[in-house]
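The data below hold one chain only, encoded as structure tokens and taken in the form predicted on its own.
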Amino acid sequence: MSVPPPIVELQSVTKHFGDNTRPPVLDGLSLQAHPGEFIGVIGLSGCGKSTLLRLLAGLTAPTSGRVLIEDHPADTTSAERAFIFQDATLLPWLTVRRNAELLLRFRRLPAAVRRERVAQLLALARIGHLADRYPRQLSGGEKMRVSIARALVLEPSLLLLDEPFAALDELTREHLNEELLALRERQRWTAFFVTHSVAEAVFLSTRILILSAGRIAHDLPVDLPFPRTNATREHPAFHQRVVEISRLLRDTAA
């Protein structure tokens, strides 16, 4: 079976902020990601995780090297990308429905298309019954569901997530992990997911990158079968992978 071409490719990417006398945030980073991969990105604070996402989003340019999305430079490609941040960043004066359709309005999609997509994603995110509420009336988990729906109405080929569940309690976080994977089965985007939780990275990912000092210290497959549910977290193979990757992360930090 032939391997599809990569949707993401970084070629010897270095990123400096400020003058070049300071160590680079990313240092000669090279990687490929293929369609449908879910790539967890972990590492100590300051290792370049969020900078990697910003490069993939086209929000910043590399100092040297190339960042390609679907074989085009990241800052020029027409490939649809969506970014989900740690904060839900909802507009407080708009309802859930209006927040979810905001990006579609910017793209000037017809009203009928906007309504259909938003209704579908709110239902899939299990918040259709909240469509007429305002952000102040939502819990933290509900706000994050709206943020996810707002990103996915774009039908992205590449989804970038920067610790989106870090501020949530553990049980809500686990529920949202499962729901995110269920949504992935419907849309089949490629994802880069930054997290400080090894267990979360193992649960979500098909592959995990451990970054250290702006380089890829380890590139590790996660071979647990899909679909992944709460039962996955209780399986010995899950615990073994969490322990192995946690050990590698500690060794990298040392």
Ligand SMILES: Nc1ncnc2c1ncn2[C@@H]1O[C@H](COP(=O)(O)OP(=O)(O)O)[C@@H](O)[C@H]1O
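Note that residue numbering follows the sequence shown and begins at 1. As the structure is a computational prediction, the values presented were derived from the model and not from experiment.
Although not depicted, the form predicted in complex with the named molecule is the subject of the following passage.
In terms of contact with the named molecule in the predicted bound form, the residue from Gln187, Ser212, Ser50, Ser64 that brings a heavy atom within 4.5 Å is Ser50. Looking at the named molecule in the predicted bound form, residues Arg22, Val25 and Leu44 each place a heavy atom within 4.5 Å of it. Between 201-209, 66-74, 224-232, 50-58, the stretch whose residues reach within 4.5 angstroms of the named molecule in the predicted bound form through a non-hydrogen atom is 50-58.
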